[in-house]
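Next up: a single chain in structure tokens, the form predicted alone.
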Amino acid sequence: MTRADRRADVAAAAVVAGGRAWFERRALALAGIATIGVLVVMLYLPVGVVFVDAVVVDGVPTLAAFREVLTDPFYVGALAAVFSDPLAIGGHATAVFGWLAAVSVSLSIEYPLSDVALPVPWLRVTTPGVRLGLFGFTAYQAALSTIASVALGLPAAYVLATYEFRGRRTLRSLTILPFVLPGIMVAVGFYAAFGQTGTINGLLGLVGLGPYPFIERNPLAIVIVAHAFYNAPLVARITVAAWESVDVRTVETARSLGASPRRAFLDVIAPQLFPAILTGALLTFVFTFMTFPIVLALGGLQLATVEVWIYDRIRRLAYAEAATLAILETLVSLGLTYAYLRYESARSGLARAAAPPPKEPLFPDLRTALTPRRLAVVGYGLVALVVFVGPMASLVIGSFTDGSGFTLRHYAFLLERQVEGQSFQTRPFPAVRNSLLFGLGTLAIAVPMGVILSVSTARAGRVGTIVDALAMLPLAVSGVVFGIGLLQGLVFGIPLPGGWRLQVTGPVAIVAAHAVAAYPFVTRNVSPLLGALDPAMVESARALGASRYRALVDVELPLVASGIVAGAAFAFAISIGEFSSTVILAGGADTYTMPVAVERYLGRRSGPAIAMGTLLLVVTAASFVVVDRVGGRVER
């Protein structure tokens, strides 16, 4: 090598080093700009297009739609009188005192068992009726659904975090499966399980019972169970992650100071789990407050929530009323999200270092298996079998049966469609391929977006909390509104100055829409861990000459890898199960996904749709097991 060549190599190395240094200095800023660009184009613009309908009617700014909604008892119930005349404080106070005075409490003797003369003292509380209105009923069913989800999710978290048994890791991976099922498939699964000709009534018929009209007799109870089917696994998964991060040394210290196992749990473990439980409960409340396909399919308009009513108003072309309801619904959801973020910010400094507690065998011997705690685990397993496994098993059974018994013709239809189907017809393999590719694309965008937002808002005080709450808009905005906004804005195109037109369609639009829906889950898993890190570690790295980007990559991200992996799993799940925006954006064979294929088959015959839904179950289950196993290696 000549001297000139060596100089050229040195110069090239200097250019590369300089370019790398330039990139490292500006990497976070560039990533932040890209994140803001995606959010503006794919989230705020479509939502803004719809929201404008609430405040601009015939080109004239007005708040008349808000006044009509807030003063209508149908929407806000008893609060309509308050919104109609907010200054009549004396009259409102008199109405509240009158309601309280009408409450009566009585003690009586009841005989609850008709065949047993067993007197039971019974405390009866009678309250005058209160009109809840559409918003009140939506909050009521969301509260009941949250209670049911937490009640079913916490025992699962306890079993997965405390006991070791064969298949525990696989079962933990599959807990996310219900969360990704399209809502319409959940409704079909519940009809297949709890309908009068469903699996549950079939089993009851074997012992001479039933059939019982579970859905027709109490549709609200079935809706709440269906919401728990969706969200209890979410509560369990978040709580398990927190439980496995409990510093076991603090428990051992409490026990060495004389605390009983129960006292050590209440004083040491429970406070460390509470933020995770609150996270799961809040997300469940927000999701069920904005529920749409399950309520529409199982309850119809008689159990209409705000989201269902928005859908009905849009169908009737009442855009101003629909947009007003969507804005009020979004404000409620954002308010809840902000309240939680304030709590999370206050708790972040109390996080402790992880030293995972050991797990004990679930059934080491017969004597242990008969203890009350293990029997309670078995009892919970039976309940979980009915609530979680029942609808999915009914789907699988339905894909192999018809009115005459066992059959493979539903799968034969899918195979025939794949082999002989035309390009304009929906085929199974492109749907599976697109779902997996879009899921990977969503991971590539949503994970960096979520991490960048976490880095930008962690330790930023109240301003960071406000920005964080606004960044959670995908969780708070109506899915129906988001889909309509995409259609009116990006799909049809938005005219720009100079004759240009902003139009986003095809796979790029779908991946971007999925990433926008998924990144909040990455942020919510990463932000608490980042906020709990000691800032002195980053400052030490910066003092030694590391750029902010290098300090993030080399110091912070390895310490929050568990949160990133958990967020990535949720992001992949959201992409696989996303339906509302995909069905609007999907066109040819390169864009439709498995949930869209299920919906298209459902419009013709239920058998192929259920078979496609079963295929969706299998593919997503296998994907999550792989994601969890790969994630486990990254965490180690």
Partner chain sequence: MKRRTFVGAVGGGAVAGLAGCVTRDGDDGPENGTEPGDPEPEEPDLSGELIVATYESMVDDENPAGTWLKEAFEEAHPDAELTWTVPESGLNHYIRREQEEADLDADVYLGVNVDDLARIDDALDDGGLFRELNLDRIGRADRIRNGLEMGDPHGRVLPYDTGYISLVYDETEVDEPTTFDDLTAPAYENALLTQNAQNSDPGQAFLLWTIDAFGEDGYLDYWRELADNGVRVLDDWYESYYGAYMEGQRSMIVSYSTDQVFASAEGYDMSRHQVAFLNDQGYANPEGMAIFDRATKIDLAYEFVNFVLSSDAQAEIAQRNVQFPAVASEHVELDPEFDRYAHEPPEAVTMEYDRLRGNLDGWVDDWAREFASQ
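Heads up, when I say rigid core I mean the largest set of C-alphas that superpose within 1.5 Å between the two forms. The model shown is predicted, which means the values in this text are computed figures rather than measured ones. Numbering follows the first chain given and starts at 1.
The next section is about a form of this same protein that is not shown, the form predicted in complex with its partner chain.
Q.
Quick check on residue 194: any heavy atom within 4.5 Å of its partner chain in the model of the complex?
A. Yes, residue 194 lies within 4.5 Å of its partner chain in the model of the complex.
(Q) Since only the chain is shown here, I'm wondering whether residue 312 would be in contact with its partner chain in the model of the complex (any heavy atom pair within 4.5 Å). (A) Yes, contact at 4.5 Å.
Q: Mark residue 317 yes when one of its heavy atoms lies within 4.5 Å of a heavy atom of its partner chain in the model of the complex, and no otherwise.
A: Result yes; residue 317 sits at the interface with its partner chain in the model of the complex.
Q) Looking at the partner-bound form in the model of the complex, is residue 417 within 4.5 Å of its partner chain by any heavy atom? A) Contact check for residue 417: yes, within 4.5 Å of its partner chain in the model of the complex.
Q) Within 4.5 Å of its partner chain in the model of the complex: all of 215, 302 and 492, by heavy atom? A) Judged in the model of the complex, 215, 302 and 492 all sit within 4.5 Å of its partner chain.
Q: Counting only non-hydrogen atoms, choose the one of 270-278, 359-367, 425-433, 158-166 that falls within 4.5 Å of its partner chain in the model of the complex.
A: Heavy atoms within 4.5 Å of its partner chain in the model of the complex occur in 425-433.
Q. Between the options 72, 85, 539, 554, which residue brings a heavy atom to within 4.5 Å of its partner chain in the model of the complex?
A. Contact with its partner chain in the model of the complex is made by 72 alone.
Q: Check each of 448, 219, 91, 507 and return the one that places a heavy atom within 4.5 angstroms of its partner chain in the model of the complex.
A: Selected option: 219.
Q. If you look in the model of the complex, which residues in 541-571 sit within 4.5 Å of its partner chain (heavy atoms)?
A. Residues within 4.5 Å: none in this stretch.
Q | CA of residue 212, rigid core aligned, shift of 2 Å or more between this form and the one not shown | A | Shift at residue 212: 2 Å or more after core fit.
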